[in-house]
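Here you get one chain, nothing else, as structure tokens; it is the form predicted on its own.
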Amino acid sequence: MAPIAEWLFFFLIFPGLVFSVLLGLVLVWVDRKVTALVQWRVGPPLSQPFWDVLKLLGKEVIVPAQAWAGGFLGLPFVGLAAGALAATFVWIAATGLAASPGGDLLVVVYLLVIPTLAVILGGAASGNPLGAVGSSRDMKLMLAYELPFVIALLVAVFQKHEIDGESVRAGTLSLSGLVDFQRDVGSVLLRPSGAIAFLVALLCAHAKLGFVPFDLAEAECEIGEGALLEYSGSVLGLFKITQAVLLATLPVLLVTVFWGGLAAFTVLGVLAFVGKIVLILVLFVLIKNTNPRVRIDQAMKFFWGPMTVLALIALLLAHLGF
């Protein structure tokens, strides 16, 4: 297969757009099902997230009279494309389907910011005051969690190990390089610096997904759907699909950076890889169902305070070889 055709297949089919959307909707069902069980409810059937999205895609799109129509309608596509491309890079590195380009960790970090920016700009483009409030909250939250999230990911890059009496660092921004390094010396998560950084990255990813207690931008009881208040029909469906893609991407990113990705294409290797992803998803669900929503000032203090300090401590420990 020609390189361009191969990468188009990766981006559009597997492990990109189509695969990430399907997997993401399945994980949305897992989230809703486990949440229902925690609350002593039966929960929806597996097909429910798919029907929800199909229903939205078939409904009429209403553009507010005061909205900037171009941005209002175009930004959902931008967010979905960025999320699918990030999923492509992460899954390729995690599974070893192809050699990932050098520096793709930074590329993935930038790509994962774009879906949030699409929501922020989309809410502002709607012309609705409540949408603007949601956009403002989402922007502040993004500025809060991105710093500790990036520092936590860099902990894996600065890892130092002793091999045959010599100090060896990961020293690469390639996701595939980080997977190869952990295959040689062990998972980053098993070291003190890696465990601390994983905890920070997990909470930052939780906020990036907009889950409780960090669902400030879409606080229904306060500002309706916030930044998405004026969205309807297929463009709202695209935002829901993008969130599902992120749900299928962020756990895999954490497994790749801190837990060595897919160790081997064997039955046990695949089961272990799936188990790691499910464990992270379960942690998301537990955090989501055991904490009340925080205020925006509390969220910013939390991420710029304890989370950033812990991330810096983890980075220092990694530099020292712990």
Partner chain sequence: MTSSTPLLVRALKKSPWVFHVGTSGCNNCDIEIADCLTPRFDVERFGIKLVGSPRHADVMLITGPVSQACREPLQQAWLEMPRPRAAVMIGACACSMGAYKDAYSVAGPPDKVLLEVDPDAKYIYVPGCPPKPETIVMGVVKLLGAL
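Keep in mind it's a predicted model, so treat the numbers as computed, not measured. Positions refer to the first chain, counted from 1.
One more form of this protein should be noted, the form predicted together with its partner chain, which is absent from this view; the next part is about it.
A69, V274, V42, L268 - the one with a heavy atom within 4.5 Å of its partner chain in the predicted bound form = The residue in contact is V42.
May I ask you to choose, among L121, V179, L85, L228, the residue with a heavy atom within 4.5 Å of its partner chain in the predicted bound form?
-> If I apply the 4.5 Å criterion carefully, the residue I get is L228.
Is every one of D52, I62 and S232 in contact with its partner chain in the predicted bound form, taking contact as a heavy atom within 4.5 Å?
-> Yes, the whole candidate spot contacts its partner chain.
Would you mind picking out the stretch of 198-206, 235-243, 148-156, 167-175 that comes within 4.5 angstroms of its partner chain in the predicted bound form, counting non-hydrogen atoms?
-> Heavy-atom contact with the partner occurs in 235-243.
How about L254: is it within 4.5 Å of its partner chain in the predicted bound form, going by heavy atoms?
-> It does not: once its partner chain is placed as it appears in the predicted bound form, L254 has no heavy atom within 4.5 Å of it.
Just to confirm, L56 within 4.5 Å of its partner chain in the predicted bound form by heavy atoms?
-> Because a heavy atom of L56 falls inside 4.5 Å of its partner chain in the predicted bound form, the answer is yes.
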